[in-house]
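A single chain, nothing else alongside it, follows as structure tokens in the form predicted on its own.
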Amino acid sequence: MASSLHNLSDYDINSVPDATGMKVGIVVSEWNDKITGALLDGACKTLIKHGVKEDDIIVKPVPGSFELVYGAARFVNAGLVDAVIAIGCVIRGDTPHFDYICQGATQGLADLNREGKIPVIYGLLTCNTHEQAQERCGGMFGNKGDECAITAIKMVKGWE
């Protein structure tokens, strides 16, 4: 759903299962760190709000969004977490680099999900402008990190 039609932080709290006992891995891109840091903060706060212990959230940084796939795969293969949230932000520039990074990261994360060991949650912002990214990391459209945390909880608890 387009975030301009739905606030990313708006959800029915009663529709979220208790996440007590869940362990979540978060792989976060260092590129566009002001944006990804805000997304990470939103995800962590929302996980904790719904019962995940702070010590059960493992955060691993990677240099950029393309490396999210490798980081997420490491979490999946380690078998230490119930879900992985991949957080990144790519902002369109003047070259096709944006398209290659977005396509590669998206395909890689989709492949991990298709393997089906644990849910891998797509938290990659793909924006045309820096302002669009700001609007989605706690601005007028909420915080995609909140949405990713809720999705992780529902995917884990909905399949138990």
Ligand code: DLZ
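Residue positions are given as counts along the sequence shown, with the first one as 1. Values in this document were obtained by computation on a predicted structure and should not be read as measured data.
The form predicted in complex with this ligand is left out here; the points below concern that form.
Contact between Phe66 and this ligand in the model of the complex is found at the 4.5 Å heavy atom cutoff. When this ligand is considered in the model of the complex, Trp31 lines it closely, a heavy atom lying within 4.5 Å. When this ligand is considered in the model of the complex, Val81 lies well away from it, no heavy atom lying within 4.5 Å. By the criterion of a heavy atom within 4.5 Å, Ile101 is counted among the residues contacting this ligand in the model of the complex. Only one of Lys53, His97, Arg114, Lys60 comes within 4.5 Å of this ligand in the model of the complex through a heavy atom, and that residue is His97.
Stretch-level contact check against this ligand in the model of the complex with heavy atoms at 4.5 Å: of 106-114, 43-51, 66-74, 128-136, the positive one is 66-74. Counting a residue when any of its non-hydrogen atoms is within 4.5 Å of this ligand in the model of the complex, the hits in 89-112 run Cys89, Val90, Ile91, His97, Ile101.
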